[in-house]
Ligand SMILES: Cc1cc2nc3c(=O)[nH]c(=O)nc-3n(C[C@H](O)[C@H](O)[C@H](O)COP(=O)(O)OP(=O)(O)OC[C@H]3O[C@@H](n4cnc5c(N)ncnc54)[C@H](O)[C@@H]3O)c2cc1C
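What follows is a single chain, given as C-alpha cells, in the form predicted on its own.
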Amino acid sequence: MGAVRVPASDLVDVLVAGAGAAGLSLAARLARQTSLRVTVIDPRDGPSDDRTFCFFRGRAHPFEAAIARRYATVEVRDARRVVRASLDTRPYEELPGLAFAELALAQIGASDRVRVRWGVSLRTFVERADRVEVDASDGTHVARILVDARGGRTLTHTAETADEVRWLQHFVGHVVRTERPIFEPSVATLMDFDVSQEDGPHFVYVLPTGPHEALVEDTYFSSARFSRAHYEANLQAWLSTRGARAHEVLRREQGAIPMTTAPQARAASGRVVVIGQRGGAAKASSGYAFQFIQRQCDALTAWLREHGAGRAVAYLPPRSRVATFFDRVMLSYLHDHPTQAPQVFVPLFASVPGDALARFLSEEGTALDHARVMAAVPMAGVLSQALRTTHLWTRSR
C-alpha cells in the first residue's frame, strides 16, 4: 500500500476500528471531552443484543443510566455447600449490551465531529511517521491515530513466552422462562461448580430477573471451545436438576473472553493504540473486562485531551504490576490444577467479606483486602506457583 495523498478535510484525528464496548466507550468520551474529529467503523449492520456486561460497582462511568439491575447478594456453590456474600457498598451490576450501545450512540450523536459507520471492516493498515493509512472495505481512511478496538486478543508469541497460559473463558447463555419459580431474584449466582469438572474449571452462572426468569450461562475456563450443542445440553441438565424441565428460551448469548498470562502485542509506533480485549483489558484470572475498559478509555481520552492527536501516544498499561502479579499466579495455579477451581473460589467467598472481595476483583483493593484474599486461597500451592512462574509475573507488561 503506497503513500496516500489525502485532502486535509478527509483526514480524521482518530479512527476507531470496532464499535463494541471499548470502541463506543472511547468514542463517547471523545465526543464529550475533546474537539477531535473521530470516525468509528464496524463490520456489523448495527449494535447487537447478544451480550451482557456485569461487574461490581466501582468507579463512576458514563453508562450508569443503562444499568438494568443491581444485586446486593452474590453466591458461589459446589457439591457440598452454598456460600453467600453481602455487597453493602459494591453491588453486582448488570448492564445489557444493547442498552449500553444505545446510550453510547446517543452520547456520540450529540457531537457533529464524531461519526459511526456500520458495515465497514478494517482490512490492513500502514503506519507512517505522522499518520496511519487504513485499507477498509469502503476504501481508504487516513487518521493521525488508529485505535484498534476489535474483539479477540493479539498476543506476543516468542520462545520466552512458550509456557504462558492461553486460556479462554467460553460460554453459551440462555435467557429462560420457567414454568416453576426456581430463581431467587435478589441473588446472583457467580459460580455454581456443582457440575462436571472433567474438562477443566466449569460452572453455571445465573442472573435472575424474577422467580421464573434468568440468564443462565454454561461456562468453562480452557483452551478449546465446544460445540454449541455441548453447552446447551449442560444447560438443559442443570435446569432439570433444579426442577425446571419445562422452560422457554427467550434469548441466546455466547462468547469467549481471553484469560492469559501472555503479554499483549504492541504496535510498532504510538500511532496505533490497541484497547479492549485485544489490548489486555480483560482481567486474566476472572475474565471481567467492562470496568477495565472504562479505565483504559479514561486514560487514553486524558492523553488525547492533553496532547492532541498530532503526536504518538505513550504506552498506557491496562493494569498495575500488582494486579498483573495476582492474575498471573492465580491463572497459572488453576491451569496446573484445573480440578481445584471449586476449592479456590468457594473458600475465597466464604472467608473474605463481600465488599472487600469486590474491591479486590475490581482492582481497587486495599492492602488489607489483598492480605485477606491471600489468606483465603490454598497458600502453599499458590506460593509454590508464584515461585515457579517468577519469569511471568516479573515481566514489565
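Treat the numbers as computed from the prediction; the structure is a model and nothing was measured. Note that residue numbering follows the sequence shown and begins at 1.
FYI, the form predicted in complex with the ligand isn't displayed, but the following is about it.
Q: Within 4.5 Å of the ligand in the model of the complex, heavy atoms considered, which of Ala27, Leu361, Ile41, Val329?
A: That would be Ile41.
Q: Which one, Ser222, Ser269, Thr73, Ser121, lies within 4.5 Å of the ligand in the model of the complex by heavy atoms?
A: Only one listed residue qualifies here, and that residue is Ser121.
Q: Where, among 191 to 199, 231 to 239, 247 to 255, 107 to 115, do residues come within 4.5 Å of the ligand in the model of the complex by heavy atom distance?
A: Careful reading of the contacts points to 247 to 255.
Q: Taking heavy atoms and a 4.5 Å cut-off, does Ile293 contact the ligand in the model of the complex?
A: Judged by the heavy-atom cut-off of 4.5 Å, Ile293 is in contact with the ligand in the model of the complex.
Q: Heavy atom to heavy atom, is Thr52 within 4.5 Å of the ligand in the model of the complex?
A: Yes - in the model of the complex, heavy atoms of Thr52 and the ligand come within 4.5 Å of each other.
Q: So in the model of the complex, does Ala289 come within 4.5 Å of the ligand, heavy atom to heavy atom?
A: Taking the distances in the model of the complex, the answer for Ala289 is yes, it comes within 4.5 Å of the ligand.
Q: Considering non-hydrogen atoms and a 4.5 Å limit, does the ligand approach Trp303 in the model of the complex?
A: Contact with the ligand, no.
Q: Does anything in 14 to 32 come within 4.5 Å of the ligand in the model of the complex by heavy atoms, and if so which residues, in order?
A: Result: Ala17, Gly18, Ala19, Gly20, Ala21, Ala22, Gly23.
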